[in-house]
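Heads up, the chain below is alone and in the form predicted alone; it's given as structure tokens.
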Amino acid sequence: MSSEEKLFHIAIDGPVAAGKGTVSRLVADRLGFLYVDTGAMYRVASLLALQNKVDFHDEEKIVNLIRNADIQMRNPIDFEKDGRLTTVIVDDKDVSWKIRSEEVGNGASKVAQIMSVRLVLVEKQQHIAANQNVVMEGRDITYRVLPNANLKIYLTGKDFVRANRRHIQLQSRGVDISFNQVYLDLISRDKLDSERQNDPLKIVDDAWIVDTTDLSIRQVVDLIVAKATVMRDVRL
């Protein structure tokens, strides 16, 4: 068996604030895999548009901004371990926290509707996974980016619980925003993701649905690691 055949890919999809980032990061750490936050790439596209005052519907300009930008992602190194899940570098500048604002997040849902943007970023995401074990999370990983992933997961949770998690997360960063605003933003982003004409958020037939509403992060991580370990052992 070639080294390529031994690769193990875990693809995780799901709505905002379902815990995908934290769970994926911890699962990757436990398994010794690379964690890939594809949503960060769309946030970068949104940030670039905002910084350059480009309208979110201007397809050509946004695509050019992405193509011309040097976008790098890596697991946080020692001095970067400040609570971030991944380190995102754009043109030699660390934007790991800049891309986490609500404004950038809302813009990311809009640029993600542009098919040409998705095609450019999907190609980059597939290149990352081509020669290594990954835990990749986003909105279209199970059917668009890694359709042949060994383990496909749809991570979800009730909207009120997800909004509460998001609100607590933002407050911990010093962001002054009401729960009601966070909830409305979450519902709006869910609607955008599910009604997107190109690659809408959906559950593929062979996905393992994990509802995180009544589970702790550790319980979710334990479940996924246990299942992935069994699957890998069977393949060896």
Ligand code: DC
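Values in this document were obtained by computation on a predicted structure and should not be read as measured data. Note that residue numbering begins at 1 and tracks the sequence as displayed.
Keep in mind that the form predicted in complex with this ligand is missing from the display, and what follows is about it.
Worksheet item: Wondering, does R118 line up within 4.5 Å of this ligand in the predicted bound form on heavy atoms?
Response: Answer yes; at least one heavy atom of R118 falls within 4.5 Å of this ligand in the predicted bound form.
Worksheet item: Does A112 reach this ligand in the predicted bound form if we count a contact as any heavy atom within 4.5 Å?
Response: A112 belongs to the contact set for this ligand.
Item to complete: Decide whether H167 counts as a contact residue for this ligand in the predicted bound form under a heavy atom distance cut-off of 4.5 Å.
Response: Taking the distances in the predicted bound form, the answer for H167 is no, it never comes within 4.5 Å of this ligand.
Practice prompt. Would you please decide whether R100 lies within 4.5 angstroms of this ligand in the predicted bound form, comparing each non-hydrogen atom pair?
Written response: Result yes; R100 sits at the interface with this ligand in the predicted bound form.
Fill in: Residue among A108, L146, L155, V134 with a heavy atom within 4.5 Å of this ligand in the predicted bound form
Contact check passes for A108.
Discussion item. Quick one: G138, I141 and R189 and this ligand in the predicted bound form, is every residue within 4.5 Å by at least one heavy atom?
Written reply: Yes, the whole trio is in contact, each within 4.5 Å by some heavy atom.
Worksheet item: Thinking of this ligand in the predicted bound form, which stretch from 51 to 59, 168 to 176, 66 to 74, 33 to 41 has heavy atoms inside 4.5 Å of it?
Response: Of the stretches listed, the one contacting the partner is 33 to 41.
Worksheet entry | Contacts with this ligand in the predicted bound form, stretch 190 to 216 (heavy atom within 4.5 Å) | The stretch touches the partner through D193, R196.
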